[in-house]
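One chain follows as structure tokens, the form predicted on its own.
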């Protein structure tokens, strides 16, 4: 292990400058739609079940400052879809399929404590992140078209705004194959690659606005990232 760290430190001087950070990640997401009803009704759970569904996100961030760690600013985009059988007027399950689609967009800043690696060769990078969210959503009928609200008030679509905060830990993969890492940097400009785990606190409730579809949730993400 010591030899690997020494080799990594020797190779680090050959890395090209870092400007960008990109990540892709997936996790289990359960939107808090039923929170609006305070337990008196559970329309989301009744239609889509009471367990999380896969959610995916991708982000692109630009390095703004470096020194004692690195500060990044950037954007992100997510995707979530759940499907189930719609409820009939009497509250029972019908044969008609319905779907919920959510695509949260984010404007965020991240602080990555990469000095543990750049100074001491420790291949762990803790980080924190915060940002603003805007999540368009829509509900579809069985034919894939946007549904109408049952009360005739229009199409079942809208957007919910909010914010998020995250705490994560990245594992630098370069230490396992230092020569390959240097080759990737030389040929592709990819300085570092990581795997990571992140706990995300997402508050999508229109900043407390009434009549907003609540999409908040706390969940884990796991993913792959690279700096270049």
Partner chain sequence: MKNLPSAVFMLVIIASLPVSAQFRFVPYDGVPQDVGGSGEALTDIDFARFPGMARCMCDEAGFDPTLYLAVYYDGQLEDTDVYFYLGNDCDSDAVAIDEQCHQLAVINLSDFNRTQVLEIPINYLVDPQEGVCSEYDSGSSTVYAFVGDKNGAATATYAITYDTKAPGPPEEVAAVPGEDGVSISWSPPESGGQEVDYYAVLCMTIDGSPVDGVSDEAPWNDTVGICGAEITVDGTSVTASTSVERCPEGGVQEGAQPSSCHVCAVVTGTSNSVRISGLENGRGYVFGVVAVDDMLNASVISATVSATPEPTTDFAEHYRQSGGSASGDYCFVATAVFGDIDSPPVKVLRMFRDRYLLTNGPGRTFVAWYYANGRSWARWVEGNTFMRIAAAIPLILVTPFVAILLVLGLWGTALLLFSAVYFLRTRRISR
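Numbering follows the first chain given and starts at 1. If you're wondering where the values come from, they're calculated on a predicted model, not measured in any experiment.
The same protein also exists as the form predicted together with the partner chain; that form is not shown, yet it is the one meant from here on.
Within 4.5 Å of the partner chain in the model of the complex, a heavy atom is found for every one of 36, 155 and 212. In the model of the complex, at least one heavy atom of residue 98 sits within 4.5 Å of the partner chain.
In the model of the complex, none of the heavy atoms of residue 77 sits within 4.5 Å of a heavy atom of the partner chain. The partner chain in the model of the complex is not approached by residue 116, whose heavy atoms all lie more than 4.5 angstroms from it. Residue 111 falls outside the set of residues with a heavy atom inside 4.5 Å of the partner chain in the model of the complex. Residue-level contacts in the model of the complex: of 124, 87, 103, 130, one residue has a heavy atom within 4.5 Å of the partner chain, and it is 87.
Listed residues 173, 190, 159, 166 were compared with the partner chain in the model of the complex; 159 is the one with a heavy atom within 4.5 Å. Note on the interface: of 103-111, 116-124, 132-140, 68-76, the segment with non-hydrogen atoms within 4.5 angstroms of the partner chain in the model of the complex is 132-140. Shown here without the partner chain, the chain has 44, 46, 47, 48 in 44-60 lying with a heavy atom within 4.5 Å of that partner in the model of the complex.
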